[in-house]
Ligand code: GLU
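Have a look below at one chain only, the form predicted on its own, in structure tokens format.
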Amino acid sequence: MPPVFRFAPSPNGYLHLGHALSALLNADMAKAAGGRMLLRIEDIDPSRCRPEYEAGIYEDLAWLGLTWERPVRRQSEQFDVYRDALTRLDAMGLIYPSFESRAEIVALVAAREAQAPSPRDPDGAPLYPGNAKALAPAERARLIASGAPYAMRLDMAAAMTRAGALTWLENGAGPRGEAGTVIADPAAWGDVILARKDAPGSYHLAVTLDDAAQGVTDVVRGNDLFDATSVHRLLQSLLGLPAPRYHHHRLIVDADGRKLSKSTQATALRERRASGATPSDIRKGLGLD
């Protein structure tokens, strides 16, 4: 079977140079390996995703000269798949609802840090500080029946006990030069959120299930997602899913050394195109001649 690569942007803004690097690397590597190139639209968050941004993704990628298989998989059409996976994890006793609001979690973190430094995940966010895992089943049921908002969290300790030691094959350099077999460390993320009351799947859950459903063999993405791979390997093990090969690539940064981001108004590809840039200019600027 030929290898399968994918580019999976979110339609919550227009594509910039960082997206171009990832898309072009996936396409180039798929071509070199005689493989397939897929496009996935990660629109699981309806509050941030817009049809014009999705249309812009197709337009920008076509302008870069890329082609992809159709139909395009859209996460907003896979909610039943995510719910089924949550049901399986629940049957294993590996998830639980937490009911604290964001403000309440901030207060809990502050109280904890008044006693000692708060543990942080690889992205720098505090680990979940609450005790929802200890709630009695009857109290959980009462809160859910009352309509209280909640997040479904993975019981990391129980999940790791069930899965055991995990590794992945890293074909890129990684952010710290970690090539070859990498030891996964999902515990660094604490009890991660897998879904919310109004959203049936988090990024971690959705991307893991989508890659398996699409038969993705090679995940090529930025170094900012290197550490998240530990959570994805854990979910793959728990749900009996295959583990793809991974290739985490360098990030494109701005003059201040920050990763290009839609939230920081990074110059969009469409703006560069309007200013006269060509696809060849983009490739050359990214070092992909």
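Start at 1 and count along the sequence shown; that's the residue number. Everything numeric in this text was worked out from a predicted model, so none of it was measured.
Note that the form predicted in complex with this ligand isn't included here; everything after this is about it.
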Mind telling me which stretch in 123-131, 81-89, 175-183, 202-210 gets its heavy atoms within 4.5 Å of this ligand in the predicted complex?
202-210
Can you tell me if Leu225 lies within 4.5 angstroms of this ligand in the predicted complex, counting non-hydrogen atoms only?
yes
Consider Ala8 of the chain shown here, and say whether it contacts this ligand in the predicted complex, taking contact as heavy atoms within 4.5 Å.
yes
Does any heavy atom of Arg221 come within 4.5 Å of a heavy atom of this ligand in the predicted complex?
yes
Is the gap between Asp60 and this ligand in the predicted complex 4.5 Å or less for some heavy atom pair?
no
Within 4.5 Å of this ligand in the predicted complex: residues from 97-119 (heavy atom criterion):
none
